[in-house]
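Next up is one chain by itself, shown in C-alpha cells, the form predicted on its own.
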C-alpha cells in the first residue's frame, strides 16, 4: 500500500520501512511489516513512523516525546545501528540500506521486549539504583536550601560531557558484553557512576566504587568501543570507564579484583618484553586454583591441537624493547602526574 505525506516542498520518493512487530498478547513470535510511503528530503525516521501510525496502521507502537533529540525516548535500531529516530534523516538512511529503498527499523537490544519498538527500561533503572547513580551530598541537611553548594569550573569540566547523557540506552543496545551477559553493569551506568564519583560534593564514592569492581562490573568491559561509537551525544564513554578503573587501582590497589590483577599483569608483560606472556596470564589474574578448575579442560584441548602459547622462557622480547621501555616509563610517569593533578 502506498500513501503520501502532505508536503510539497521538495521532490518525493517512495520508501519502504520494514518495521519489527511483536505483540506478546497475540503473537507467538516476532515478524516484520513493510510500509511503503512517499517522503521528501528532510523527513526523519520518527516523523515517517508517526505518519504510518496516524494514516496506515494505528496498531504500530513506539515511544517518542520531544522529537528534538533531547529526551531519548525514541531510541531504536535503524538499519542495524541504535540511534534516535527523531534525528535520523530518511535520506541519510537510504544510503545505508542493505536492500535498496528499504529502511529496517527494530527495537533496542539487550532490554526486554514490551511491544513492537518499545522495550522495558526497568532493568537499566534497577542497575542505576544498585550502583547508586546519584549524589549523596556531603552538605549537612540543616544547611541544605540555605546556600548554593558550589564547585570549581575545573572540576565541572571533568564530568561536563558525562552530563549530556539522556539515557536513551543506545550504548546499552550496542554493548557486546551485555548481549552475552545481562548482569553486566552496562556502559550507561558506568558513565553515570563516573559522573558521580568525580563530584567532590558526593559522600558515597567508596561505596559506589566497591560495587563497581565486583563481578559483572567495570573490569568486564572489553574495550570494543561500540558504546562510544553509537552514543547519540558523542560522549567519550570509554574515557569514563578508564577513569573508574584508574580510580579503582589508585584507591583500592592493583590486587583488589581479578580485573585489576589482569591489568597489572598485562602492564608488567608489556614493560618487560613488549608482548604478553599468555601462558601464565590466567594464573597471575585468577590464581592457580581457579585456573586449574576452570581452564584445565580447555588447556588439554589446546595441547592436543598444538595451539598452546609458548612457555615464559621462550617468549622473546620485542625488537627495540630498550627504547620502548623508556617511552613506557615516561608515559607511566605522565599518567601518575595527571592522577595527582586530578586529585588536587
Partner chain sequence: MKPFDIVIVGGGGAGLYAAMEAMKTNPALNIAVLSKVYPNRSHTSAAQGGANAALGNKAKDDTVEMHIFDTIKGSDYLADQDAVDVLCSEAPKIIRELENIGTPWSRMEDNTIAQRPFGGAGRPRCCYCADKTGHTILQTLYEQCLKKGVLFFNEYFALNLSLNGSRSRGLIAMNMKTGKVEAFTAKTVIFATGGYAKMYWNRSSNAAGNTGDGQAIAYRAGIPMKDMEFVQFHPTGLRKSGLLVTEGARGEGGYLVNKDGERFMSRYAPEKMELGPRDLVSRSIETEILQGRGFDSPAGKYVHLDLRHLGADLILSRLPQIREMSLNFEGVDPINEPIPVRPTAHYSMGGIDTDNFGRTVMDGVYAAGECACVSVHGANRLGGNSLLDILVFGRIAGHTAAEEAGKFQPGMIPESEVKECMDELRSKMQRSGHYERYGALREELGQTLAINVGIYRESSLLKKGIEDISELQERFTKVRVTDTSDVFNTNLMQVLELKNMLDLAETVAVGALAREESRGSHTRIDFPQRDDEAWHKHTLATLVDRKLIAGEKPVTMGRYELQERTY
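Worth saying up front: this structure is predicted, and the values here are computed from it rather than measured. Numbering follows the first chain given and starts at 1.
Only in words, not in the display: the form predicted together with its partner chain, which the text now covers.
Peer 1: With its partner chain left out of view, which of 96, 115, 158, 109 would have a heavy atom within 4.5 Å of it in the predicted bound form?
Peer 2: Result of the distance check: 115.
Peer 1: To verify the annotation, which of these, 207, 125, 81, 102, has a non-hydrogen atom within 4.5 Å of its partner chain in the predicted bound form?
Peer 2: Filtering the options by heavy-atom distance leaves 125.
Peer 1: How about residue 59: is it within 4.5 Å of its partner chain in the predicted bound form, going by heavy atoms?
Peer 2: The answer is yes: residue 59 has a heavy atom within 4.5 Å of its partner chain.
Peer 1: Even though the partner isn't displayed, in the predicted bound form is residue 195 close enough to its partner chain, meaning a heavy atom within 4.5 Å?
Peer 2: Yes, contact at 4.5 Å.
Peer 1: Is the gap between residue 251 and its partner chain in the predicted bound form 4.5 Å or less for some heavy atom pair?
Peer 2: No.
Peer 1: If we define contact as a non-hydrogen atom of the residue within 4.5 angstroms of the partner, is residue 67 a contact of its partner chain in the predicted bound form?
Peer 2: Taking the distances in the predicted bound form, the answer for residue 67 is yes, it comes within 4.5 Å of its partner chain.
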